Structures are given as structure tokens and as C-alpha cells.
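Heads up, the chain shows up twice below as C-alpha cells, two forms, tagged structure 1 and structure 2.
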Structure 1
């Protein structure tokens, strides 16, 4: 009897269909976030007050249509609509804040995987180093054996920047080193055909910028180097005969999922 190992086959299926498929990742994350967003909003909001506020707004809008030939009534109704809108926004503000903060943190993390594509073997890419003016001509780039510099370094004094063109022979996760002022600073480079966690730049200081664009520890405070960047290509996802940035597609799908779940669960938004 032929024995087929089920668990390895399932793991391989999940890896190929989900983990290495950007569209599948976006769809799954959007559905989960849409559901959690609706549940969190329902849990943190005053559902009864929101329903009353929405019903009052609908009644005022209907009154505008019914009494559109009576200007004083219409003007008073518009005032009530403005007040009712303010009441609704006040009721929805804190629940929306509870929803937006975790979603923002999630987007930052998922963008490490879906925002850009890893380098491919034999694909040239740029390494850009921004440094202090007095060390601009003292920088050197040290590469692992699987990588090589394919063009001379270009100095850009106006930006205090040095740029190298580099190519990798085979897939892998590498550390490249930049030497300056007797110190060496590393930067991760990923060469892979699969979805991988990427960090386009490594920064010194700039705490808030590092949160959003860097997935590596900060460069030391005494470093003459301010930034080491690798030019990963942006990723576009094909969906519905269009090319999408993953964040735009995520927002569209999660909003659609949210409206579906709110109707199914009977939650007022």
C-alpha cells in the first residue's frame, strides 16, 4: 500500500499557495482584519447610541426632501444634521482610534514582507550610503564572496552620498559591510525568489522614520554614517485585471469584508 505523508504535503501546499503568494496573503489578512475591525468597533462603542444617532440623521435627511419648498424648515433641519453628524463622530471617534492604531502597526509589519521584492540572482542593485561630509571619500564597501561590485562607486557630494552597483551570484541572506572612520557597519541584503522580510534601509537616530521604513537596529549614535540603503524594487500585485500596491488592495478588501461582517453580525458602524 502506497503511504503518502499528509503533513509534509499540507505544509508544502500552505507554503506554495499562501506563504509565497502575495495575493493570498493580502486576501487572508484583509478578511481577518475586516472581522477583527468590526468586532473591536462593536465591543468598544456604544451601539445603542450610534444607532439612535444614525436614525436621527436619516430622519433629518428625509425631512430636507419632504420640506424642500419651506426654506425655514430646511435651514433648521440642516442645523440638526450638522449637530447630529458631530454627535455621531464623537460616538465613533474613540472606537475608530482603537481600531486604527493596531491596524497601523500591522501594516508596518506586513509591509516588511509585501512592500518590496527581494533581489534576484544576477540582478544588479544599488547600495547607497549617506555619511558625514568629512568621511565621504573614506568609505569602502566590503561584500561576501557571493556578491561583487559591478560598477565603480559614484560620489554625490551634494547629498553626502556614495552609491555602488552590486550583483549577487545566488540566493541567500547576506550582510554587506561599510567601513568608515576605522569602524565597520553592516546592512542586510536578501536575494530570494520567495516572499521575505526586507529592510530597505538602516538608519542612525530618526526614531519615527525607523519604525516605518527600517527593520534593523539603529546605527550607533557615534557612527559617521547616517543611512545605508538597498534599492529593492516595489512590489505590485495583480488583482481584478489591475496592478495594485498591496496597502491599497488591503484597504479595499478589508473595507468590503468589514461591511459584510457588520451586516452578518448586526454591528452598527
Structure 2
């Protein structure tokens, strides 16, 4: 997987310093990403052209005000504003491409920790297995001793899916096994009160989807099973008297940080 070398470092940092404080993690990540974003943007963009484009846009805005009594001038200027905005977006997007890819991958990794909450002891959760139609009735779930099935399996032929309700007795990191077609496939389940690295699903193929949503190795190519998913609950973070999805909060905070850093560093965005 990507970011393998930095994963232990990140885990160590998160575990030691910010273990039980998701808000602090979001703030720190937002600040760092805001700074990196601005720096990368500064290096990869045509700063002079962006400044000129922005200045000209501002000039056209002022022209609308200065010549407001002259409708033809206002209309011409409005056309220039639209063209100028297009020019600005063109100039901003290519550097954004450079910037977005590494940042996106970094955020995917952070999402493993902050996107969902681990299971709690005695909290029931679902294990969903998506498989080939011919093996739908040939699946079995094997659990470690600390876990138990709390309801019979439900088959959903329309989705080629089998769902179990499971409960864990105590905290820990477990592997559950799904047997199908004479083979066994495992899936990690984390039961913990702390911020932990979670992988909600294990997938076969689907490279891009794996990058975004899975933190485990791919299921073998010859596996009849397409996906094994565990329904971790999404995490909400309290901030400013509101409950936030961490990504939305990150989006807002990193933008604020970015705008601050761009001023400090004198980078045109």
C-alpha cells in the first residue's frame, strides 16, 4: 500500500500525542496541510500570472463601481470579469492538480483514523460479505473467542450479500474469517475506546476504491468473495457548538490556515 513508510510514524505520533483527541488531530492536520498546500501551490504555479489575473479582476470590479452611470461600460466590464475569472481558474487549476493528488492520498490515510469510530465491547455491528452468486449459500463466518454472532445470517440475493450481526466481548484487534469455496479470508475488526486505524472493508480488485476506502491487502484474485465490510459508525467531532464530519471540519480549517499562511508567506492564490 501507499504511504507504508510513514504509516508507523504517523501511528506513533497519533497514539502518543493526540490519542484521545480527534479535534486536536484535525486542527494539527489542517494546519500542516494548509501550509503544505500553500507552499506547493506557490512552487508549482505561475505566481506572476496569477497576480496579474487577480489584479485585473479587481480592476474590473472597481471599474463597475467607478463607471456605474455608464451602462455600456458596466456591461463590457462584466464580460471582462467573466473572462478574467476563466483565466484565473485556468491558472489555478494546473497547480491544483499537482497539489491535490499527494494531499488527497494523505487525507485518505488520516481518514483511516478519524473517519469512523472503532467498535465498543457489547456493541453489535454488521459484517457484510459480498460474493459471487454461486457461493452465496456456501459462506460461513468464523469468529475469535472474544466475539459472537448475535443474530442469524441474512442473505440478500439481489445484492449477492450475506450479513451477520456480531458482538465483541472486550477491546482488542481481531481477525474474523469468512470461509467460502474451501478457502478462508480474514478481515480485521478493531474494538477499542481510542482513536485507531480502521479499515471498514476488504476488497478484491477495484484498485482505486481500495486506495480510498480500504486499509487492508486486497482479497486474492481467485477469491469468490468480492468484499468483506464491517459497519464502523461514522465519527462526529464537536467544534464551535456543532457536530462536524472531520473532513468538512478539515476543509474549513485548512482553508483558514491556508489563507493565513498565504498572507504570511506572500504567496498568491
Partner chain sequence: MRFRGVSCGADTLVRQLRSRVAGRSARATLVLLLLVVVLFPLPGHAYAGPGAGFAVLSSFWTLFVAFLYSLYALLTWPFRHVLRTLKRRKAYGKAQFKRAVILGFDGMDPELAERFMGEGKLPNLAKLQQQGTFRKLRTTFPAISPVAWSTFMTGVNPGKHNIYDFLARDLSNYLPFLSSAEIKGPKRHWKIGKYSIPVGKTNIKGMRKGTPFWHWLGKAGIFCSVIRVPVTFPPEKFPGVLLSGMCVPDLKGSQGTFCFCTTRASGDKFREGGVRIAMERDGGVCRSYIPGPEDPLAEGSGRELRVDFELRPDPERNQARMEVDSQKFTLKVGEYSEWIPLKFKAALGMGAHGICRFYLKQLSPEVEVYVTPVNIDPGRPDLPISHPVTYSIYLAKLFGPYATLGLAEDTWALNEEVLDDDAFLAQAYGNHEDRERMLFDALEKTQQGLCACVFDTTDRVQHMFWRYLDDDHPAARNVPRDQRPNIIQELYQRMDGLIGRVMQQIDDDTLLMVVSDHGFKSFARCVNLNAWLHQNGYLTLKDGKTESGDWFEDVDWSRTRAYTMGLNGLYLNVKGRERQGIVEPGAAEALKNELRTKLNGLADPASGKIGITGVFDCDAVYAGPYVDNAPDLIIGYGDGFRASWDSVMGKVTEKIFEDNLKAWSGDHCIDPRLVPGVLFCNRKIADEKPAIVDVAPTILKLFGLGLPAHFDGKAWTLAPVVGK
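Think of the rigid core as the biggest set of C-alphas that the two forms share within 1.5 Å after superposition. From a predicted model like this one, the values you see are computed outputs, not experimental measurements. Residue numbers count along the first chain shown, from 1.
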query = Given the two isolated forms of this chain, which one is the form predicted together with the partner chain?
reply = 2
inquiry  = So, superposing on the core, is the move of residue 131 at the CA at least 2 angstroms between structure 1 and structure 2?
reply    = no
request  = Take the rigid core as the frame of reference and indicate whether the C-alpha of residue 154 shifts by 2 Å or more between structure 1 and structure 2.
outcome  = no
ask   = Is residue 77 among the residues whose Cα moves by 2 Å or more between structure 1 and structure 2 after superposition of the rigid core?
value = yes
task = Just grab the Cα shift of residue 68 between structure 1 and structure 2 for me, core aligned, in angstrom.
result = 3.1
